[in-house]
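Just one chain follows, in the form predicted alone, and it is written as structure tokens.
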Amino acid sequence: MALNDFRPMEERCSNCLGCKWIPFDKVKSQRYGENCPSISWGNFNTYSARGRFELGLALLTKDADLSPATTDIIHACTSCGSCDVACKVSRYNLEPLDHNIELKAYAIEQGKLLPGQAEIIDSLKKEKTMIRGAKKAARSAWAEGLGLKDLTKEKADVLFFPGCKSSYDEKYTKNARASVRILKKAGVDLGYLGAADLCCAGRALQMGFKDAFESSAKANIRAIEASGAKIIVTPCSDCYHAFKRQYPKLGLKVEVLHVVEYLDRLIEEGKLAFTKKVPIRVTYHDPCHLGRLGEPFVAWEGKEKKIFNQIHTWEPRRPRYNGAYGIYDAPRSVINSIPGVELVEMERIREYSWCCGAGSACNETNPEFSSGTAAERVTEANSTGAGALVTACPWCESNFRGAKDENGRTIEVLDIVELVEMAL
């Protein structure tokens, strides 16, 4: 779709402003009632999904242009999907997240980028990763000594896809290695793509670089299909979303699991048993791309129509992604099964979780906005009295690590895989 295809949505947004808040029946306090990091940070209507609809229409009608201010606003969006979920509580005919991403694509087509974005995409094209400075030749170093099958040379039922953060950043490589050790201990027939392993490019799509995403995705799909694997398992929520929601649009047909889903399955089957207590009180952060954006893709072809020339609908009925069927129970089930661990919940959870701030590469291109978003979540985590913040994505973990809440306090940050390995 092009920006002009969204014009009917831009015109029919009713300005209810629900995109700025979690649904009112889910609000537990005024302090944690907001849902959109962008409008919370910018404190101006154009930062909201409603404001972006207005801006998109103004760009199409030439009543606005891509000034430095509007360009910054367009890119100051983590593509977390919170506005999308809130909108669909009462609306069926708007797609705020898709529109936000299309606005970014429109700006990029006009050459309106933020500092650092071009370098990130250049790295994706040249080194097959969006982590600047990383080299393709070093991508498989994380797997050394694990005894993983190279699926370009032999076969395995399960393909482990670490993702860029876990491949190159030593702070998070340990989680990928721990995941492999745990899965192999449970008897899983496991392999990886070896030299054929590439960036999933999900973050490129979040940023609006649609062509770069599609090129990388098609290369990955060819490698996945050639591997013969029946299941893809990843510890990265961004990779999970790319494989689960975006790649099927391009033809991928394989079961996709986040590692927490697989761990939950193995625990339930009795293939993983905990032997140690982990005496710690934790709170869990739902990653956006595992939670509200973790619903599977449903193919649809149809057309929009109006009932009595007023009510918008689609024929046949169109899939409605409202975030309710993301991956929420599996991580909580895993945490609750670990002896000694006490789970306490934050106010904004599941499809109404607050974003970590790293999405759309905002952690690199808009670090002040990104760190402010992370600080808000750390404030909420500390309000529970938990001793650690647990999540299931290296990007979330990275953004939370060292972030200070509104009182200047940090919090210990753990990946769920770390908790599991402590108890084995």
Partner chain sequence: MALSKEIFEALETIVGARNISRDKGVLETYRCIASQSSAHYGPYDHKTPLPQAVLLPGSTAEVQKIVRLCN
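A quick note: this is a predicted structure, and the numbers were derived from the prediction, not measured. Positions refer to the first chain, counted from 1.
Quick note: we don't show the form predicted in complex with its partner chain, though the next part is all about it.
Visitor: Thinking of T152, L183 and L272 as one candidate spot, does its partner chain come within 4.5 Å of a heavy atom in every one of them in the predicted bound form?
Guide: No, none of the three is in contact.
Visitor: May I ask you to choose, among S398, S371, T46, T379, the residue with a heavy atom within 4.5 Å of its partner chain in the predicted bound form?
Guide: It is T46.
Visitor: Find the only residue in K277, K230, H312, K218 having a heavy atom within 4.5 Å of its partner chain in the predicted bound form.
Guide: It is H312 that has a heavy atom within 4.5 Å of the partner.
Visitor: Can any non-hydrogen atom of E34 be found within 4.5 angstroms of its partner chain in the predicted bound form?
Guide: No, E34 is distant from the partner.
Visitor: So in the predicted bound form, is its partner chain close enough to L55 to count as touching (4.5 Å, heavy atoms)?
Guide: Because a heavy atom of L55 falls inside 4.5 Å of its partner chain in the predicted bound form, the answer is yes.
Visitor: A64 versus its partner chain, in the predicted bound form: is there a non-hydrogen atom within 4.5 Å?
Guide: Flag for A64 set to yes.
Visitor: If we define contact as a non-hydrogen atom of the residue within 4.5 angstroms of the partner, is G51 a contact of its partner chain in the predicted bound form?
Guide: G51: contacts its partner chain in the predicted bound form.
Visitor: If contact means any heavy atom within 4.5 Å, which of 303-311, 338-346, 115-123, 221-229 contacts its partner chain in the predicted bound form?
Guide: Comparing against its partner chain in the predicted bound form, the contact stretch is 303-311.
Visitor: Which residues from 64-90 come close to its partner chain in the predicted bound form, meaning a heavy atom within 4.5 Å?
Guide: Stretch hits, in order: A64, S67, A69, T70, I73.
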